[in-house]
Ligand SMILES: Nc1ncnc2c1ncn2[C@@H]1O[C@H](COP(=O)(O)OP(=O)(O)O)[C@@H](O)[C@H]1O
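A single chain, nothing else alongside it, follows as C-alpha coordinates in the form predicted alone.
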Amino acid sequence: MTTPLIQLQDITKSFNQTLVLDKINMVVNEGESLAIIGGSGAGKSVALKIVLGLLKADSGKVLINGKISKPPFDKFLSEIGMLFQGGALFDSLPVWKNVAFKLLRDKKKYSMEEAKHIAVEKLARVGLNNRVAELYPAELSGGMQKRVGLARAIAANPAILFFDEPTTGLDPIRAANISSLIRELVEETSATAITVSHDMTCVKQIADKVNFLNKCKIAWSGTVEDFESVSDGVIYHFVNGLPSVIKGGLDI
(Lines give C-alpha, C1' and ligand atoms only; values in the text may rest on other atoms or scores of the structure.)
Protein backbone atom coordinates (compact mmCIF):
# COMPACT_ATOMS: atom_id res chain seq x y z
CA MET A 1 0.00 0.00 0.00
CA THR A 2 1.40 3.41 -1.00
CA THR A 3 1.57 6.16 1.58
CA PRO A 4 1.45 9.82 0.43
CA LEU A 5 4.41 11.67 1.92
CA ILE A 6 4.23 15.01 0.09
CA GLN A 7 1.04 16.44 -1.38
CA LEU A 8 0.29 19.69 -3.18
CA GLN A 9 -3.41 20.53 -3.22
CA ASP A 10 -4.73 23.27 -5.54
CA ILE A 11 -1.50 25.27 -5.36
CA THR A 12 -1.68 28.63 -7.14
CA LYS A 13 1.19 31.10 -7.42
CA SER A 14 1.62 34.38 -9.31
CA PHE A 15 4.42 36.91 -9.57
CA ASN A 16 3.46 40.51 -10.36
CA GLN A 17 0.08 39.37 -11.70
CA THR A 18 1.74 36.75 -13.92
CA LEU A 19 0.25 33.35 -13.19
CA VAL A 20 2.89 30.63 -12.80
CA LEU A 21 1.00 27.76 -11.13
CA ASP A 22 -2.76 27.35 -11.47
CA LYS A 23 -4.37 24.99 -8.93
CA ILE A 24 -1.84 22.21 -9.40
CA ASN A 25 -2.10 18.93 -7.51
CA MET A 26 0.77 16.50 -6.92
CA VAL A 27 1.28 13.43 -4.78
CA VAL A 28 4.67 11.92 -3.96
CA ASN A 29 4.39 8.59 -2.18
CA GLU A 30 6.88 7.37 0.39
CA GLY A 31 9.90 5.83 -1.32
CA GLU A 32 8.89 7.18 -4.73
CA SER A 33 11.05 9.17 -7.14
CA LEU A 34 9.08 11.92 -8.90
CA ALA A 35 10.41 14.10 -11.72
CA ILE A 36 8.83 17.48 -12.45
CA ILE A 37 9.52 18.56 -16.03
CA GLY A 38 8.52 21.41 -18.31
CA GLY A 39 9.93 24.25 -20.35
CA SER A 40 11.81 27.25 -19.00
CA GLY A 41 9.51 29.32 -16.81
CA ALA A 42 6.95 26.51 -16.49
CA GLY A 43 7.04 26.71 -12.69
CA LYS A 44 9.12 23.62 -11.87
CA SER A 45 11.48 25.31 -9.41
CA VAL A 46 8.62 27.42 -8.03
CA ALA A 47 6.73 24.25 -7.13
CA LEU A 48 9.84 22.85 -5.46
CA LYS A 49 10.41 26.04 -3.45
CA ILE A 50 6.79 25.99 -2.29
CA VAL A 51 7.25 22.43 -1.00
CA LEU A 52 10.39 23.55 0.83
CA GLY A 53 8.63 26.57 2.31
CA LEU A 54 11.00 28.96 0.56
CA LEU A 55 8.02 30.48 -1.29
CA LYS A 56 4.46 30.94 -0.07
CA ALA A 57 1.64 29.86 -2.36
CA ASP A 58 -1.13 32.37 -3.03
CA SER A 59 -3.64 29.61 -2.31
CA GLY A 60 -3.73 25.87 -1.77
CA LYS A 61 -2.06 23.52 0.70
CA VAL A 62 1.16 21.57 1.08
CA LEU A 63 0.81 18.44 3.19
CA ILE A 64 3.74 16.50 4.64
CA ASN A 65 2.78 13.12 6.08
CA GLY A 66 -0.86 14.14 5.86
CA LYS A 67 -0.40 17.33 7.90
CA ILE A 68 -0.56 20.86 6.53
CA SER A 69 2.96 22.24 6.27
CA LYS A 70 3.30 25.62 7.94
CA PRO A 71 6.26 27.78 8.98
CA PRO A 72 8.62 27.43 10.69
CA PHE A 73 9.93 24.67 8.42
CA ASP A 74 13.03 23.90 10.48
CA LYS A 75 12.00 20.32 11.34
CA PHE A 76 11.10 19.47 7.75
CA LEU A 77 14.26 21.05 6.35
CA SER A 78 16.36 19.11 8.87
CA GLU A 79 15.03 15.86 7.40
CA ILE A 80 15.91 16.57 3.76
CA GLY A 81 18.97 16.58 1.55
CA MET A 82 19.24 18.78 -1.52
CA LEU A 83 21.44 19.05 -4.58
CA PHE A 84 21.23 22.62 -5.86
CA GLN A 85 21.36 23.52 -9.54
CA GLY A 86 24.54 25.56 -9.28
CA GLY A 87 26.17 23.32 -6.69
CA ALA A 88 25.98 26.05 -4.00
CA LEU A 89 29.28 24.96 -2.49
CA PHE A 90 31.07 27.31 -0.11
CA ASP A 91 34.26 28.45 -1.83
CA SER A 92 35.93 29.31 1.47
CA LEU A 93 35.53 25.81 2.94
CA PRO A 94 37.43 22.65 2.00
CA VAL A 95 35.38 19.95 0.32
CA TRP A 96 34.95 17.84 3.46
CA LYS A 97 33.53 20.78 5.42
CA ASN A 98 31.10 21.45 2.56
CA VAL A 99 29.90 17.84 2.79
CA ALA A 100 29.75 17.94 6.60
CA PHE A 101 28.18 21.42 6.78
CA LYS A 102 24.84 20.17 8.08
CA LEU A 103 26.46 17.69 10.47
CA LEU A 104 28.58 20.38 12.09
CA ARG A 105 25.42 22.40 12.81
CA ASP A 106 23.29 19.45 13.88
CA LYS A 107 21.84 19.36 17.40
CA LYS A 108 23.55 15.97 17.81
CA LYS A 109 26.77 17.99 17.82
CA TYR A 110 29.09 15.74 15.86
CA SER A 111 32.73 16.28 16.72
CA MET A 112 34.97 17.65 13.98
CA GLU A 113 36.63 14.23 13.69
CA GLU A 114 33.28 12.37 13.41
CA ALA A 115 31.94 14.82 10.85
CA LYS A 116 35.08 14.54 8.73
CA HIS A 117 34.94 10.73 8.88
CA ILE A 118 31.33 10.76 7.62
CA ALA A 119 32.20 13.31 4.93
CA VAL A 120 35.06 11.17 3.62
CA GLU A 121 32.77 8.10 3.61
CA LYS A 122 30.12 9.94 1.60
CA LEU A 123 32.72 11.30 -0.82
CA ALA A 124 33.92 7.75 -1.40
CA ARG A 125 30.34 6.68 -2.08
CA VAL A 126 30.08 9.21 -4.90
CA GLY A 127 33.42 8.16 -6.36
CA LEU A 128 35.76 10.77 -4.87
CA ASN A 129 38.86 9.72 -2.90
CA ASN A 130 40.00 11.17 0.40
CA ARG A 131 42.55 13.46 -1.30
CA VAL A 132 39.63 15.47 -2.67
CA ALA A 133 38.42 16.12 0.88
CA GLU A 134 41.16 18.69 1.52
CA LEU A 135 40.73 20.54 -1.79
CA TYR A 136 38.55 23.61 -2.30
CA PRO A 137 35.58 23.78 -4.71
CA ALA A 138 37.46 26.01 -7.17
CA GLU A 139 40.01 23.22 -7.64
CA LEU A 140 37.34 20.77 -8.85
CA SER A 141 35.76 20.19 -12.25
CA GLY A 142 32.04 20.75 -12.71
CA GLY A 143 31.35 17.03 -12.54
CA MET A 144 33.33 16.68 -9.31
CA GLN A 145 31.48 19.61 -7.79
CA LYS A 146 28.18 17.87 -8.59
CA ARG A 147 29.46 14.76 -6.81
CA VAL A 148 30.45 16.83 -3.79
CA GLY A 149 26.93 18.31 -3.81
CA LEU A 150 25.51 14.78 -3.87
CA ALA A 151 27.74 13.71 -0.99
CA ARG A 152 26.50 16.70 1.02
CA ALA A 153 22.87 15.88 0.17
CA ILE A 154 23.19 12.36 1.62
CA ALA A 155 25.57 13.18 4.48
CA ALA A 156 22.86 13.13 7.18
CA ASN A 157 21.02 10.10 5.69
CA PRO A 158 17.85 12.12 4.93
CA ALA A 159 14.48 10.51 4.27
CA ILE A 160 13.72 13.00 1.48
CA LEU A 161 16.00 14.14 -1.34
CA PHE A 162 15.51 17.08 -3.71
CA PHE A 163 17.46 17.53 -6.93
CA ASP A 164 17.23 20.83 -8.80
CA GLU A 165 18.50 20.44 -12.39
CA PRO A 166 21.19 17.95 -11.31
CA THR A 167 22.82 17.61 -14.76
CA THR A 168 22.89 21.27 -15.81
CA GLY A 169 26.29 22.30 -17.15
CA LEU A 170 27.58 18.75 -17.59
CA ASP A 171 28.53 17.02 -20.82
CA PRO A 172 26.37 14.01 -21.81
CA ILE A 173 28.73 11.40 -20.33
CA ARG A 174 29.10 13.15 -16.96
CA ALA A 175 25.36 13.87 -16.94
CA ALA A 176 24.62 10.18 -17.46
CA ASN A 177 27.05 9.25 -14.68
CA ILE A 178 25.43 11.69 -12.25
CA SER A 179 21.93 10.47 -13.17
CA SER A 180 22.95 6.85 -12.64
CA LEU A 181 24.55 7.72 -9.31
CA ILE A 182 21.44 9.57 -8.14
CA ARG A 183 19.29 6.56 -8.98
CA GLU A 184 21.62 4.27 -7.05
CA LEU A 185 21.63 6.56 -4.01
CA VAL A 186 17.84 6.91 -3.98
CA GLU A 187 17.41 3.13 -4.14
CA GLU A 188 20.08 2.45 -1.52
CA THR A 189 18.62 4.86 1.00
CA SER A 190 14.94 4.14 0.18
CA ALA A 191 14.53 7.92 0.16
CA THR A 192 11.59 9.78 -1.31
CA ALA A 193 12.90 12.00 -4.12
CA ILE A 194 11.74 14.95 -6.19
CA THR A 195 13.81 15.96 -9.20
CA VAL A 196 13.28 19.12 -11.23
CA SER A 197 14.85 18.76 -14.67
CA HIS A 198 14.55 19.46 -18.38
CA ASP A 199 17.07 16.69 -19.18
CA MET A 200 14.93 13.86 -20.55
CA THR A 201 17.74 11.29 -20.33
CA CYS A 202 18.21 12.18 -16.66
CA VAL A 203 14.46 11.92 -16.00
CA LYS A 204 14.24 8.47 -17.59
CA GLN A 205 17.11 7.24 -15.43
CA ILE A 206 16.00 8.72 -12.11
CA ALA A 207 12.22 8.80 -11.98
CA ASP A 208 9.44 6.35 -11.19
CA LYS A 209 6.77 8.93 -12.00
CA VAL A 210 6.68 12.13 -14.09
CA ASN A 211 4.62 15.31 -13.86
CA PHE A 212 4.75 17.58 -16.91
CA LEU A 213 4.05 21.28 -16.29
CA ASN A 214 2.77 23.38 -19.17
CA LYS A 215 0.84 26.66 -19.23
CA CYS A 216 0.58 26.78 -15.42
CA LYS A 217 -1.05 23.34 -15.21
CA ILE A 218 0.02 19.72 -14.91
CA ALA A 219 -0.54 18.73 -18.51
CA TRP A 220 0.41 15.09 -18.01
CA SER A 221 1.17 12.73 -15.11
CA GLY A 222 2.11 9.07 -15.15
CA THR A 223 4.83 6.47 -14.80
CA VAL A 224 8.19 6.91 -16.47
CA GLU A 225 7.42 3.88 -18.64
CA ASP A 226 4.22 5.51 -19.94
CA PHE A 227 6.07 8.80 -20.31
CA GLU A 228 8.55 7.29 -22.73
CA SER A 229 5.73 6.21 -25.05
CA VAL A 230 3.69 9.45 -25.09
CA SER A 231 2.91 10.27 -28.71
CA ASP A 232 0.61 13.27 -28.63
CA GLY A 233 0.90 17.03 -28.70
CA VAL A 234 3.24 19.28 -26.81
CA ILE A 235 4.49 16.50 -24.52
CA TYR A 236 5.81 14.49 -27.46
CA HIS A 237 7.53 17.55 -28.89
CA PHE A 238 9.05 18.43 -25.52
CA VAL A 239 10.31 14.91 -24.80
CA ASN A 240 11.88 14.63 -28.24
CA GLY A 241 13.24 18.17 -28.44
CA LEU A 242 11.03 19.15 -31.37
CA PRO A 243 9.43 22.56 -32.01
CA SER A 244 5.68 22.58 -31.42
CA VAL A 245 3.93 24.14 -34.41
CA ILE A 246 0.97 26.38 -33.67
CA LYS A 247 -1.06 28.81 -35.74
CA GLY A 248 1.12 31.76 -36.63
CA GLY A 249 4.47 30.13 -35.87
CA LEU A 250 6.32 28.01 -33.36
CA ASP A 251 5.33 27.50 -29.76
CA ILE A 252 8.72 27.82 -28.05
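The first residue of the sequence shown is number 1, and the count goes up from there. Not measured: the values here are computed from a predicted model.
If you look for the form predicted together with this ligand, you will not find it shown, but the lines that follow are about it.
At least one heavy atom of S40 is located within 4.5 Å of this ligand in the predicted complex. For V46, a non-hydrogen atom is located within 4.5 Å of this ligand in the predicted complex, even though that partner is not displayed. Under a 4.5 angstroms non-hydrogen atom cutoff, this ligand in the predicted complex has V20 among its neighbouring residues. The stretch that touches this ligand in the predicted complex, counting heavy atoms within 4.5 Å, is 32 to 40, out of 222 to 230, 179 to 187, 63 to 71, 32 to 40.
Along 121 to 148, a non-hydrogen atom within 4.5 Å of this ligand in the predicted complex is carried by no residue at all.
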